[in-house]
Structures are given as C-alpha cells and as structure tokens.
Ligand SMILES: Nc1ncnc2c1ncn2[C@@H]1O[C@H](COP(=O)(O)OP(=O)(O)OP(=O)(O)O)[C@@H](O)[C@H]1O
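We begin with a single chain expressed as structure tokens, specifically the form predicted on its own.
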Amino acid sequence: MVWSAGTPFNDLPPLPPRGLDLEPKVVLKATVEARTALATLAQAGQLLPNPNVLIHAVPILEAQASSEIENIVTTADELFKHVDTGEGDHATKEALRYRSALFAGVESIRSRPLTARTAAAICSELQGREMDVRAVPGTRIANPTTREVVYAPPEGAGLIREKLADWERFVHAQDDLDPLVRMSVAHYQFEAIHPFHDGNGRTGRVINILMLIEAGLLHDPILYLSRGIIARKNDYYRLLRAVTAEVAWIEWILYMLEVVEESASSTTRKIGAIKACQDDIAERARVATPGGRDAQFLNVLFEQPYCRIGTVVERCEVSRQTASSWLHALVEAGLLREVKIGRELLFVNHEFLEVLARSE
C-alpha cells in the first residue's frame, strides 16, 4: 500500500494495526502516569462541596478550547455569559453547541454503548443540522496557510460505513489494551475516516471524553482535554499525519497520553484554585448578607459565573425581593458586579470567572 496525500485513503487499514505492539515499555510507563493523574483528578473533584461546579464549568472551557483548535475563537467570558440563552456571536453559538453535544453524548452512553450512530448524533448537535456520512467525493484536507493538500480521506458512503463499523468494533473489543491507548488509537482512526462533511475534529474530541467515561476513568466530563491539545496544536496535526504517512503509532500514542496527563494535572490544579476561591467568597459573603449563610445561594453563585435574580428565586425558594437584596449586597461588598445584557440584569462572580479563565 502506497499512501499519497491527494488520493482518497480508501485502503486505510483496519484496527488494531497489524504486527505492531501498541504497548511497549515506554507507552506502558506513560499510561501509568496518565492514569495516576486521572485518579488524582477524580479524587480532587470530591473535595468540592458541590460537584456541579465542575460539571457546569469544565465543559464550557473544553468547548472553548476544542472550538479554537478549529479556528472558532470566542472567550470563556462570552460562553458563560450566554450559556443559558444560547445567544452571542457566531463563534459563541458554535462553541455552546459543542457543550450541548458533549452533554448529549454523556447522556447517551449512560444507557447505551458508544457507536457510530452516537458519533453522527454528536456531529448533528455540533452542526445544528442532521449529519450523515459523506456521500459526495472530493473532500480534501489542506494546510490552512499554504493550501497544500495534506490528506484525502476515504470516499464512498458504503466504504465509510464499513470503516466506521470496524472502528466501532475496536472501541468495544474485549482484549487487554489499556483504555487510554485504545482512546488514542481510536481517535486517529476516526479522524482518518473523516466520516462527515464537517465537524469531525470536534466530534472526535467529544468521543475521547465519552470513551474515558465508558472505561470508568471518568464519571463526568470534568477533564479539560482540549487545552492540552491546543497548547501543542502543531504536534497534534503533525503526528496525526505521521501515523498515516509513516505508521508512526507509538509517537502518536505517547503524545495523546502526555496530553491526558497534562490536562488531568492542570484540571486538578484548577479544582484547587476553585476551592480556594469558593472558601474565600463564602466567608466574605456571610459577612455581607444573610444570604451568605444559605448553602444553595452559594451553590448558585459558583455553578455559573453569571447569575440571574430568577435563578436565585427558583433555587433558593425565596422572594424576588430577597434574592435581589442578597445579590445587591454582594455587589456593594465587591464580590459581584452588575452587567446588563439587553434588558436583563446579570450578576457576575468575577473572581470565580478569573479563576476559570486563567491557565493553571
């Protein structure tokens, strides 16, 4: 088999790669380090009094970073500002759809295994329209700067479905392959199949998180994985191509394991920073307002950096007047800031937002 960048890769080999040990000693060592970092992350998540803080916040950060990899650029601030409404500019709406697709995927695998159909549903949520495998030939992936064609994925809907079926069998194979190695190999294969007209990269990165949850390495989507990828974006694309052109599987697997380890460690540090911010604000809030002694009120302030009076009314079961007085007292104390979006008044937990937005 001779691979050529401009020729559809219809001979994309099935998984697992033939005649190759995917877990030499160097991979096994990196796997142990990545799994240790994931276990530390899971333990750190238990330190937060309200796990919903992570479940709400990390997917927003993941959506922002994963979308940026595809040059869909928005800010965490814009995403948190519009998360309840789905509004904002085009890039913000695109990134918020990533968050919706991630949550939909997690909900799906709670009741049924991850399949090619799951991937299509995720891509449809991402794109805001029904997506099916590519049927029209001519898809080419080019260098965004030089416009040189660097890869041509397989063509023909029937062939693509066959390769997705093989990918699905590998994802659920009953063998001794470590789940992190399986995720790394499956991610390459999905991107190489490139089954949809658009949205393949983001779909594949959602699937990474779903595979970790299916394997029991995560319970919720609290790993900020795309941050590690975007920090080494050139390596990501270079090593994907090296698997295709040079069968350089080990280098690719090591890269992905390093990204998992770095991302888990970074997310663990962010949990520590969130916990410190929570404790500090809770102490100051108790002095500023009677609402500061209401645990549910404090939960609301940290589940979303942007808070609405109506949310406090509903969650804390208090009158609108009480909710407003609590929030305005925290504004007076400098703990929150008021912002107007259209005709709506929002209260920003700016210190928490700064913790979420900064690199750890």
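Just so you know, these numbers come straight off a predicted model, no measurement behind them. All residue numbers are counted from 1 along the displayed sequence.
Below, we turn to the form predicted in complex with the ligand, even though it does not appear here.
- Contact check at 4.5 Å (heavy atoms) against the ligand in the model of the complex: all three of I141, V150 and R205 pass.
- With the partner omitted here, the stretch from 240-248, 267-275, 102-110, 177-185 that lies within 4.5 Å of the ligand by heavy atoms in the model of the complex is 240-248.
- Using a 4.5 angstroms threshold between heavy atoms, D198 counts as touching the ligand in the model of the complex.
- Interface residue remark: A44 is not counted as part of the site for the ligand in the model of the complex, having no heavy atom within 4.5 Å.
- Within this chain, L298 is remote from the site of the ligand in the model of the complex, having no heavy atom within 4.5 Å.
- Within 4.5 Å of any heavy atom of the ligand in the model of the complex lies no heavy atom of A288.
- Here is the short version: of L254, A282, A116, A192, the single residue with a heavy atom within 4.5 Å of the ligand in the model of the complex is A192.
- Residue E70 is the only one of E70, E33, D294, E303 with a heavy atom lying within 4.5 Å of the ligand in the model of the complex.
- In the model of the complex, no residue of 279-313 lies within 4.5 Å of the ligand by any heavy atom.
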